[in-house]
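So this first bit is one chain, no partners, the form predicted alone, shown in structure tokens.
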């Protein structure tokens, strides 16, 4: 039994995958909780597509795709944040315009990039991830960027929490709404970028949102939310690695599928917010007649 449990982690590529997923899990816990609390999952979805131009340009010129994605995320995030300050342009409109525009440009550039056969595999990896292809450089990038984002969010935890629950009070106390929004969007963008090698462009939304949404069903306290979100993300990662290793399944897809199943279990059996507990309260004698 012990050999069966330890076998997947005896190789360097699975060990790298585990290290990467551990750091991304912590980062998704720190950032994903605020995304769920603010209800801006569409931002994550948009960002995951908006960074395609940067990746495609990097492929075309033979550059570093991480740097390309990073620059694209910064540019698009800044455009959305500053444009949405205009009195005639709402945040939703700015998000829709720049995210879809960047995605369309990314599709065009990616089409040019994959015309080169040597780039075809790289493009597929960007879309779906290559869990067991995570490199030491990917791990270093995640450690540095993730550490910076975590430090920033911990430093601004009170301001971010207040603006998430009561934006009006936050503005009344003198906290700049656009500045906090920019910090949050940049944190989301950087999380998306560092998670790309493991789970890919298409699945990164679920990896960032689902663990936080699962934790939200179990507690209302912010610190417990962050911890539980990271735990659920890492648990799904470990189970996903086993499934991928022994059943020859896609790594990123396996992790996201497990994460979704954990959410459904929490939705059904959460002591306070689960369907089962709500049904029992509804059918209890105190609520009859």
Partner chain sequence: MWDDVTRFLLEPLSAPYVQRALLEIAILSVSVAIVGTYVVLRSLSFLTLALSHAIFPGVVLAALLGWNMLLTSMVVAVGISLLIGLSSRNSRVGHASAIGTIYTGAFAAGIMLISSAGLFRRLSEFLFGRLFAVGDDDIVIAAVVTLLALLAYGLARKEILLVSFDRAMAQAQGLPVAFLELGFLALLSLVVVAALPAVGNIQTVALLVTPPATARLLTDRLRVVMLLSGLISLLGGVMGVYLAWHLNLVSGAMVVLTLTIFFLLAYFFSPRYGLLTRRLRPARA
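Positions refer to the first chain, counted from 1. Between two forms, the rigid core is the largest collection of C-alphas that superpose within 1.5 Å. Since the structure is predicted, the reported quantities are computational estimates derived from the model, not experimental observations.
Omitted from view is the form predicted in complex with the partner chain, to which the following refers.
Partner contacts here mean any heavy atom within 4.5 Å of the partner chain in the model of the complex, and among 248-256, 226-234, 23-31, 66-74 they occur only in 248-256. When the partner chain is considered in the model of the complex, only one residue from 152, 162, 105, 143 comes within 4.5 Å through any heavy atom, namely 105. A single residue from the set 217, 139, 180, 186 has any heavy atom within 4.5 angstroms of the partner chain in the model of the complex; that residue is 217. In the model of the complex, every residue of the candidate spot (42, 49 and 89) has a heavy atom lying within 4.5 Å of the partner chain. Looking at residue 82, you'd find a heavy atom of it within 4.5 angstroms of the partner chain in the model of the complex. Contact annotation: residue 19 falls outside 4.5 Å of the partner chain in the model of the complex, judged by heavy atom distances. Not displayed here, the partner chain is kept clear of residue 135 by more than 4.5 Å at the level of heavy atoms in the model of the complex. In the model of the complex, the partner chain sits beyond 4.5 Å of every heavy atom of residue 156.
Along 255-274, these residues reach a heavy atom to within 4.5 Å of the partner chain in the model of the complex: 256, 257, 260, 263, 264, 267, 273. Core-superposed comparison between the shown form and the other one: the Cα of residue 134 travels less than 2 Å. Taking the rigid core as fixed, one finds a CA shift for residue 85 of 2 Å or more between the shown form and the other one.
In this overlay on the rigid core, residue 147 has a C-alpha that sits less than 2 Å away from its partner position between the shown form and the other one.
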